[in-house]
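This document opens with one chain alone, in structure tokens, the form predicted on its own.
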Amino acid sequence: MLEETAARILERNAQAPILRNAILEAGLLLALAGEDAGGLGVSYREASAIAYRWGQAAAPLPIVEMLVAAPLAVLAGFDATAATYSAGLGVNDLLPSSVPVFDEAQTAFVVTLETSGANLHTGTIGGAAAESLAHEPMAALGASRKIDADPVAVERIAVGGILLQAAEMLGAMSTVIDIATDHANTRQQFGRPLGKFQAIQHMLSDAASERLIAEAAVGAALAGIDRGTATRLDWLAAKAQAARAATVIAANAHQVMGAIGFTDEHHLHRFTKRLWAWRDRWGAQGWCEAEIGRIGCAAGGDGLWSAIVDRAAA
């Protein structure tokens, strides 16, 4: 039902202000907030359907930040229903310099995620700092302060944000593959469709394989976080694989499409630029892979296999 609602809203609304009002009226922005806070209290796997649809449509508004902001606001003692919040993630106790925003956003909730735990901060949102690679509005994070909140609850929400970002990437990857496949099947070269050439087939099959692996990793991690069984390795691997898949899929799609995919007139770059930007949002690919490496090193030679396959070891 959440997915159908999100899809219906996206079909009818294209402009950010109108779109924001539509999802606010539908209650989607409060999907992750508990019912006692005026929200829907859905699981992260259920909320991922919203993020997936958002990525699939390359829709405006930073939906992951807006979804995660509501439960973080509750932890910080704010009114979740105000819906004028954004959220962000920093690692190793370093706050990001800017966060994705929409016009009405006034307050940001930022989690700093470390190996030893998570901390919640709140800060003011300043003037527009820049645009992301995908031309999404970003605003500077102003004066911030640390909030005394349950670190376990904070970390769970942060991990949820990481997985929602990965789900949004899966949606965009799906559309990119569809665009490239349709082009390969309709574009004629040397008297036959591009899709009949083995090299093109290999690029498309590689893209589809990477997406399928990412979907499995993200799905398993989402199920784990809702059950309370997800390990650190689960969600790190999910985001790292989503980022890897995004790199392969975007590169292969642009090779299949040729230069037309980069032109303003074509819509492919609307999705690939978002994938490139999202690789490093909510757990940058490099950080996730480094953390996975640390888990392996800590396990040692004799324990490496167990760290990979034994959930308790990770």
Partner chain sequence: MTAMSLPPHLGDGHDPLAGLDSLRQEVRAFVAEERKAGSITFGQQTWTTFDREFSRRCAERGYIAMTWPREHGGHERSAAERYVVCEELLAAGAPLGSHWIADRQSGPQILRHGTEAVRKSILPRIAAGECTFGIGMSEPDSGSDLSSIRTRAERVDGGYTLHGRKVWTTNAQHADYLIVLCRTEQKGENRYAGLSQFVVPLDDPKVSVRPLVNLAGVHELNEVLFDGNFVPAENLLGEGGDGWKLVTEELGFERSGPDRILSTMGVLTIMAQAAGRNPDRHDAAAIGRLLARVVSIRALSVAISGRLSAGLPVTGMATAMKDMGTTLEQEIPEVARRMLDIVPAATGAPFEAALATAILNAPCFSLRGGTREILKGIIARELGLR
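Positions refer to the first chain, counted from 1. Every value quoted in this text rests on a predicted model; they were computed, and no experiment measured them.
Below, we refer to the form predicted together with its partner chain, which is not included among the displayed structures.
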item	value
Contact label in the predicted bound form: Asn21 to its partner chain, heavy atom within 4.5 Å	no
His202, heavy atom within 4.5 angstroms of its partner chain in the predicted bound form	yes
Non-hydrogen atom contact Ile9 with its partner chain in the predicted bound form at 4.5 angstroms	no
Contact label in the predicted bound form: Arg227 to its partner chain, heavy atom within 4.5 Å	yes
Interface residue in the predicted bound form among Ala57, Ala33, Ala49, Met257, criterion: non-hydrogen atom within 4.5 angstroms of its partner chain	Ala49
Contact residue in the predicted bound form, from Ala223, Ile147, Ala153, Leu133 (heavy atom within 4.5 Å of its partner chain)	Ala223
Location of its partner chain contact in the predicted bound form, chosen stretch of 139 to 147, 231 to 239, 99 to 107, 67 to 75 [non-hydrogen atom, 4.5 Å]	231 to 239
Contacts with its partner chain in the predicted bound form - residues in 278 to 296 whose heavy atoms fall within 4.5 Å	Gly286, Trp287, Glu289, Ala290, Ile292, Gly293, Arg294, Gly296
